[in-house]
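In structure tokens, the next block holds one chain alone, the form predicted on its own.
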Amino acid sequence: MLGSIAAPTLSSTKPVRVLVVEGQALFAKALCQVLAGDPEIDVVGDSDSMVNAPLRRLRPDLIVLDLDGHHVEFSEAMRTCREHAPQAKVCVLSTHVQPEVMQRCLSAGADGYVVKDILPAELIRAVKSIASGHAYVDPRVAGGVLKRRSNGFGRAAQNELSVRETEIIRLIARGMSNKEISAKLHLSEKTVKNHISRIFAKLNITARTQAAVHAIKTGLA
């Protein structure tokens, strides 16, 4: 499953510096407590908004950004982040399961999208994955993306993948397993695995979550 990612071992011996940006104080403290329980994560603080966060002083490696309950547009929050903490990756936390909301966040520069009912252990895995340079999206949302975006990127992505590979990456983005893809396309599981290996090599990725994000960002899904 796309959401069942293994917690990566971070290459650096230094813990990931995480800043929580959450409008509700109680939920912010709960998030900090969950994340601080992992020895590879250093929670450097929390703030009620990106505007009020001391980004330059804290220099976080990753920001867990609540999408809900803010008056500031997400694109504006991302501009603030890129201006004051260009080194930071952003993991969006939201109640929205709508694919179009996730697409908007990814297009604005977010590195991950997590729905708030995620288990604490899975949140930690998502944060570590994003901190390691891998994208993460909730598979329930990625699986709901059935429409192409009309921004022109779909054609470019198709040019680097074969017709069969394009079919397979779309099915991966819908959350289908190799066995389900095999049945859908009337291929052996071994053939599906070979196609996926070639997809990963062409796109320079290593995980199904990354394939899903690529499909969503480029309009293939």
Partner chain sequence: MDSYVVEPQSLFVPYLSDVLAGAELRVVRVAPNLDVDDIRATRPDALFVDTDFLDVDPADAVSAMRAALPRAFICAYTNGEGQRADRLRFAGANCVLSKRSGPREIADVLRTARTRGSFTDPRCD
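As the structure is a prediction and not an experimental result, all values here were calculated from the model. So that the term is clear: the rigid core is the largest set of C-alpha atoms that superpose within 1.5 Å between two forms. Positions refer to the first chain, counted from 1.
There is another form of this protein, the form predicted together with its partner chain, and it is not shown here; the text below is about that form.
Inset, instruction - State the residue from Ala110, Ala88, Ala77, Leu123 whose non-hydrogen atoms include one within 4.5 Å of its partner chain in the predicted bound form. - result: By the 4.5 Å criterion, the partner-contacting residue is Leu123.
Inset, instruction - Would you mind picking the one in Asn52, Ser188, Gln33, Asn194 that has a heavy atom within 4.5 Å of its partner chain in the predicted bound form? - result: Looking at Asn52, Ser188, Gln33, Asn194 one by one, just Gln33 meets the 4.5 Å heavy-atom criterion.
Inset, instruction - May I ask you to check whether Pro15 falls inside a 4.5 Å heavy atom distance of its partner chain in the predicted bound form? - result: No, Pro15 is distant from the partner.
Legend entry - Contact flag, Leu26 vs its partner chain in the predicted bound form, heavy atom cut 4.5 Å: Leu26 belongs to the contact set for its partner chain.
Legend entry - Exercise: Arg104 in contact with its partner chain in the predicted bound form, heavy atom 4.5 Å: Close contact is absent here: in the predicted bound form, Arg104 is far from its partner chain, nothing within 4.5 Å, heavy atoms only.
Inset, instruction - Could you confirm whether Asp117 comes within 4.5 Å of its partner chain in the predicted bound form, counting heavy atoms only? - result: Because a heavy atom of Asp117 falls inside 4.5 Å of its partner chain in the predicted bound form, the answer is yes.
Inset, instruction - Let me know which residues along 49-63 have a heavy atom within 4.5 Å of its partner chain in the predicted bound form, or say none if there are none. - result: Heavy-atom contacts within 4.5 Å come from no residue here.
Inset, instruction - Look at Val21 and decide if its Cα position differs by 2 Å or more between the shown form and the other one after superposing on the rigid core. - result: It does not, since the Val21 C-alpha is displaced less than 2 Å between the shown form and the other one after the core fit.
Legend entry - Core superposition between the shown form and the other one, C-alpha change of Leu62 at least 2 Å: It does not, since the Leu62 C-alpha is displaced less than 2 Å between the shown form and the other one after the core fit.
Inset, instruction - Taking the shown form as the reference, report whether the CA atoms of Ala173 and Arg79 lie closer or farther apart in the predicted bound form; the distance changes by 3 angstroms or more. - result: The answer is closer, because the C-alphas of Ala173 and Arg79 approach each other in the predicted bound form by 3 Å or more.
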